[in-house]
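Before any questions on how it binds or moves, here is one chain, the form predicted alone, in structure tokens.
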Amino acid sequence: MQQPINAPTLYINDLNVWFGKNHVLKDLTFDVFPRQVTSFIGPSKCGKTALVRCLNRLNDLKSDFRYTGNVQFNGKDLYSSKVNVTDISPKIGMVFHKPIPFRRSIYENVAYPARLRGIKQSSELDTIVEECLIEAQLWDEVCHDLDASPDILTIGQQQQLCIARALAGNPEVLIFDEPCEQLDAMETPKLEVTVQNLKSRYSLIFVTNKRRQAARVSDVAGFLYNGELIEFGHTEQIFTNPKNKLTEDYVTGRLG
């Protein structure tokens, strides 16, 4: 059954997460919609990374992980026994805080996820590589060096390459987990522009410790504190007229 046009891509209801005895996420409920950037802010160790790793099932790699609640992707239970976890990563892609290009050429870094999708024709792969590098705003800088190692790239360019690689998996959701942490002040704005340009085609989730960055890039924002979603709503409202005193203290710098 096809999802309604205005349906959320991700639906999270009453989500609780533990690692061993540590209760890291508590009763989280929110939606993530297409063509929006949803940011999550909060001090270190408030649960942001644990949350986004629930959304692409990376937490499954930890033996002491357990959860309760409901996480739906396009109306289907993401944690159903019928779901093949290896199918999740391409559909709910992730860009990590530190870029980790594959030990392959720039071209093969981007082509590899397309090959995993069964695409074999070189002409089709060429098109995908070019389109994804253009979307990641890297094509003009590497189009003459596609056979080179990613080692020739700056950290910021490597992060753009990782974005292109994620796009080649044909995702519906793309998660950015503090993607600018390793970038300098010159490279960060380019990544922010890339995120803004991508939202017309994808559901984007953006995790950051930088309040002003969240205000710049996101349409919707959530404030996490001690594993609780203190406030969730339109970014402008969160930053200019928060309903909760804790949120106000955080966005104004008085907390954390």
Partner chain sequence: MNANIMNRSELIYHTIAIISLVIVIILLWNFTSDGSYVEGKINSDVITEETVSTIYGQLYRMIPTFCGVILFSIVISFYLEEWLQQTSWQYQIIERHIAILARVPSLVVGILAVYFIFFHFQNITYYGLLLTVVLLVMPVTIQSTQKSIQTVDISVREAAYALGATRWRVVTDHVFPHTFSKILAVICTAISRILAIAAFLVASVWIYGSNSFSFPKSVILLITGALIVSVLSSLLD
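No experiment lies behind these values; they were computed from the predicted model shown. Positions refer to the first chain, counted from 1.
The protein also exists as the form predicted in complex with its partner chain; that form is not presented, and the subsequent description refers to it.
Taking the partner from the other structure, its partner chain in the predicted complex has a heavy atom within 4.5 Å of a heavy atom of P113. Using a 4.5 angstroms limit between non-hydrogen atoms, I100 touches its partner chain in the predicted complex.
Using a 4.5 Å cutoff between non-hydrogen atoms, V193 does not count as a contact of its partner chain in the predicted complex. In the predicted complex, its partner chain stays beyond 4.5 Å of every heavy atom belonging to R211.
For the residues A215, I230, L58, L198, the 4.5 Å heavy atom test against its partner chain in the predicted complex is passed only by L58. Though its partner chain is absent from this view, in the predicted complex it lies within 4.5 Å of a heavy atom of just one residue from T86, S149, T127, S80, which is T86. Contact with its partner chain in the predicted complex, defined as any heavy atom within 4.5 Å, is confined among 101-109, 130-138, 151-159, 178-186 to 101-109. The partner is not shown here, but in the predicted complex the stretch 139-172 reaches within 4.5 angstroms of its partner chain through a heavy atom at R165, A166.
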